[in-house]
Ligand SMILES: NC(=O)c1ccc[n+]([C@@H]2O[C@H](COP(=O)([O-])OP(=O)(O)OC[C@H]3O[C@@H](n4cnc5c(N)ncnc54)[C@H](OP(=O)(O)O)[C@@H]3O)[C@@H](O)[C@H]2O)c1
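In structure tokens, the next block holds one chain alone, the form predicted on its own.
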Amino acid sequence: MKTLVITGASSGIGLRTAAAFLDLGYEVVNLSRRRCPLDKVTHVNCDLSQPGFMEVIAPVMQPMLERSSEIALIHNASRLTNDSAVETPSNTLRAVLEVNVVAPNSLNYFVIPYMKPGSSILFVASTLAEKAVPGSFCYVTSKHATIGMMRALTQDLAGRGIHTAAVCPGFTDTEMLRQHVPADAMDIVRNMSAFGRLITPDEIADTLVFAARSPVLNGAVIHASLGQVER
């Protein structure tokens, strides 16, 4: 049995990724506060911002992981805030890192012992994992850390048949983007793509499926951005 463990599959990229893996015959487990609307997905309620979330989900997940012949672990859930590097107290940064960096590490620590050759660990990062823009200090910092974690995993998992990759979406038509970008600025955002449009969540889901099935991409940072126009 092949299993997908994904965080944040209640909407957006996570939801479409869960659907794509279901279509491939995977058993899909979603970890989030909000339930995934897909009936075939096993929902495990948890709050990734809480340091003790693993204690809640471990007893539920262990039997599923034990019977899995292959596991794809996708770190999709993320926290995005509007903030500045010169005005952000450490407690605010710490809260974002808890979701975007510490929770993925906690899941890796728990899931890796059950992973057999052919398994994968994928991160949904961002184009901001390798550059910065004003007003997204905590998110930019955490996504740079995401790339570092992925690359470190590649080295430390060498020889185990488990591959890692980070998919870096550009501006994707999700609830999180619409909460972050004012409606009157959305046309500007669309025109920052070389194609003049937003990426669809299905396009990122397809990229994640490809990455999960392609060990040759081990350690790769995949820019799934439609080509951003830099001005």
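Bear in mind that the values here come from a model prediction, so they are computed numbers and not experimental data. Each residue number is its position in the shown sequence, starting from 1.
What comes next is about the form predicted in complex with the ligand, which is not displayed.
J.: Whether residue 47 contacts the ligand in the predicted bound form should be assessed with a 4.5 Å heavy atom distance threshold; does it?
T.: Yes - in the predicted bound form, heavy atoms of residue 47 and the ligand come within 4.5 Å of each other.
J.: Check whether residue 33 has any heavy atom within 4.5 Å of a heavy atom of the ligand in the predicted bound form, and answer yes or no.
T.: Within the cut-off, so yes.
J.: Any chance residue 137 has a heavy atom within 4.5 Å of the ligand in the predicted bound form?
T.: Because no heavy atom of residue 137 falls inside 4.5 Å of the ligand in the predicted bound form, the answer is no.
J.: Just checking whether residue 99 would be counted as a contact of the ligand in the predicted bound form - the rule being heavy atoms within 4.5 angstroms.
T.: The answer is yes: residue 99 has a heavy atom within 4.5 Å of the ligand.
J.: Looking at 154 to 162, 83 to 91, 70 to 78, 108 to 116, which lies within 4.5 angstroms of the ligand in the predicted bound form, counting heavy atoms?
T.: The contacting stretch here is 70 to 78.
J.: Just give me the residues of 1 to 21, first to last, that have a heavy atom within 4.5 Å of the ligand in the predicted bound form.
T.: Read in sequence order, the residues that approach the ligand (within 4.5 Å, in the predicted bound form) are 8, 9, 10, 11, 12, 13, 14.
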